[in-house]
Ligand SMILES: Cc1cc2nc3c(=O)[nH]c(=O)nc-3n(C[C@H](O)[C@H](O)[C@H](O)COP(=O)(O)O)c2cc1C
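Only one chain is shown below, in structure tokens, and it's the form predicted alone.
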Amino acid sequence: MRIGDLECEIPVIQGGMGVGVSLSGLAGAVTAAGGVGIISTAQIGYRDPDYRKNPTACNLAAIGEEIKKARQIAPTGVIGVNIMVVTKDYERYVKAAVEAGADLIISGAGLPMELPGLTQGSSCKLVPIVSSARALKVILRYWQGHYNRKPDAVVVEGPMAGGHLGFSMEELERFIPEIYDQCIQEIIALASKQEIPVIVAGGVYTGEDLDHYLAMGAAGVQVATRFVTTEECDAHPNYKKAYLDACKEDIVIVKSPVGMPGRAIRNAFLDRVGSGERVVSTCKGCITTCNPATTPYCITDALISAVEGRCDEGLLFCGSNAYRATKIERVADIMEEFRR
């Protein structure tokens, strides 16, 4: 799979998972195994002792630290970051990633309209996330008109993905796989006219899924949930165990405090929130669309609790196939399943 002048042996991008689920350990292992490792910048500095006092500064410093550690695991290969458009101080996060030597930036949760301007003068590859051909058309038109450039690749993320989803509750309720395939084909047709590779994400779990999308003309796939239950994943063992213990009925769509639907594993925390309990502490200034005065809980605190192993006190984002995990795997073994 080629993205600009970058090339990886296996056409798999590991999806960015915050908070703290995909850091240097997982990203480095995926890159070392021949794929593209992605570090999520979402509250990436949460382990710093000064995080509660100055979360933004800790996050910005941690971007460079995690990229450096990933490079120690995988001295060669492609390592990138995922930065959500709705991140407060988005511009500073992008510039920190460029300065730290990220090979590419994947950006969604909003359309990354100004991303080319923030990375001018660098060789960093730019990969927006879209959920429709219409969204891609908007990006193509704006980037061409304002920056005279196009995306180096595009990730199309479907409604079976984990975490925050770029779809309304109504769209999720009427989801049909065949209709989603039509959407992917429209995006591939549009992107192919400008020789932009398309990476399909959302519900990708096996090599057979990769074959399906390659046959449609995609350049590769993005895989996230499958990598959670690996030895190398940066999350706490209790977090991984929650995936192993989950059944299909435990995977639910929730309304996130940031205003978007999300997919998660039902647990005691979600039951408490569902009953009307409000769980809010100090604001970490993470997402522009969150209102601390009205939000039912702090999503940063909820995600940190989960990734640190206090799963009944936190939010466990997951993809639609999380229930399929039955054992702890090695990243290298999973990547071999996707070798073509």
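As the structure is a prediction and not an experimental result, all values here were calculated from the model. In case it trips you up, residue 1 is the first one in the sequence shown, and so on.
Only in words, not in the display: the form predicted in complex with the named molecule, which the text now covers.
For the candidate set Ala42, Ala70, Ala62, Ala306, a heavy atom within 4.5 Å of the named molecule in the predicted bound form is found for exactly one residue, namely Ala42.
Contact annotation: of the candidates Val223, Val127, Val94, Ala102, the single residue with a non-hydrogen atom within 4.5 angstroms of the named molecule in the predicted bound form is Val223. With a 4.5 Å cutoff on heavy atoms, Val331 does not count as touching the named molecule in the predicted bound form; it lies far away. Under a 4.5 angstroms non-hydrogen atom cutoff, the named molecule in the predicted bound form has Gly163 among its neighbouring residues. Using a 4.5 Å cutoff between non-hydrogen atoms, Asn82 counts as a contact of the named molecule in the predicted bound form.
In the predicted bound form, Val204 approaches the named molecule with a heavy atom inside 4.5 Å. Contact with the named molecule in the predicted bound form, judged as any non-hydrogen atom within 4.5 angstroms, is confined among 195-203, 251-259, 209-217, 172-180 to 195-203. Contact residues in stretch 311-325 (any heavy atom within 4.5 Å of the named molecule, taken in the predicted bound form) are Phe317, Cys318, Gly319.
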